[in-house]
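What follows is one chain in C-alpha cells, specifically the form predicted on its own.
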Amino acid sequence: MLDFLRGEGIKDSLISDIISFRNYYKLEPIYEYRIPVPKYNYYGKEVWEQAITALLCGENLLLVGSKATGKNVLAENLAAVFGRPKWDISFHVNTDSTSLIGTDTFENGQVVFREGPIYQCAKWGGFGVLDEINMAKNDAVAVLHATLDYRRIIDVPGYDKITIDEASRFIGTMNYGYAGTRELNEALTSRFMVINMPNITTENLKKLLLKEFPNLKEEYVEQFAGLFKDLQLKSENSEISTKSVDLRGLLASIHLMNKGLTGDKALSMGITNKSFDDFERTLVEDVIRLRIPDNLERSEIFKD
C-alpha cells in the first residue's frame, strides 16, 4: 500500500509519518487478521492527503458523498495503510448501545461481558468504520458522542470505564437521500473532520479498470469508463435513478465477460437489472448500446 501511495504522488513527509505511526503503535498478534487486504485501491491524491493528515493528527473522519464515490473503499484502504485492525459497524434500525459497546451473556455457567465492536476497536487501537452513520438511532448516537469526543473514554454501564487507545480512529460514511437516513446533529458532526467525496474521475476510473483487468484492451478501457460516466451524467440530470450507477456492478459485469458471458448479458445482470422500472431499464439499455455492441465476445474485449 505504501508503494501505491508513492505511485499516486502522495507527499513523502506523509508517508514517513505513516511509517512512524506503524512503528510506534504496536499491534496484538491475535488481531493481525483484522488488518484488511483491499481488493480495490482508492484513486484520488487530494482526498488521500486530506484523510491521512487528519488521521495522523488524531482526528476522526466523516466521508460524505453520493453512491459510487468510494467511501468504504477509502476507509478500508486507510486501515490497511496504517496497519490497523478494522471493525465494521453498520447502522440500521436495530443498532443500539448494547450492540455497539457490548452486553451481558452466559458463558460456562456465569455472567460475563461480551464486548461489542466499538468496545473492541477502542480497546485494541483499531479503525472503526461507522457505515451509514446517518441511520443511527438516538440510543446509538449517545454512545458515539461519548466515544468520539476529546475525553476518549467509554463508560460501560454496570462495569468500568475504558480509555480509548491512542491508535484508535473512527471513520464514518454516509449517503444523502437514502431511505431511513437523516441529518446528523451538530454535536455528532463536530466530532469529525469531514471530506466531501468527489465522483471518480475518468482518468482514475481507467486506472481502476486496468488494475483489476490488466488484459483489458485499451479500446474497452475507454468504453467501460465512458459508459459509467454516461450513466452518472444521466443520473445527475435526473433522467435515471442512481440504481444503475453501480461501479461494483460494472466491475462484476466485466468479470463475467472475462469468464465468457457476452457483454450485453453481463451488463444486464450487473447494471441494467438493478433498476426495476421498465422505462428506466430501457433508458439504461440505450446508454449501454451506444458504447457496447450486442453479443460482444470475450476475445473482442480482452488481449488473450
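The first residue of the sequence shown is number 1, and the count goes up from there. Here the structure is a predicted model, which is why all the values come from computation and not from measurement.
What follows is about the form predicted in complex with a small molecule, which we do not show.
Checking I52, I240, L247, A266 for any heavy atom within 4.5 Å of the small molecule in the predicted complex turns up a single hit: L247. Interface residue among N60, S275, S253, T69, judged by heavy atoms within 4.5 Å of the small molecule in the predicted complex: T69.
Only one listed stretch (135-143, 71-79, 163-171, 116-124) carries heavy atoms within 4.5 Å of the small molecule in the predicted complex, and that stretch is 71-79. In the predicted complex, the small molecule lies farther than 4.5 Å from every heavy atom of Y31.
In the predicted complex, at least one heavy atom of I200 sits within 4.5 Å of a heavy atom of the small molecule. In the predicted complex, the small molecule sits beyond 4.5 Å of every heavy atom of L148. Interface residue remark: L184 is not counted as part of the site for the small molecule in the predicted complex, having no heavy atom within 4.5 Å.
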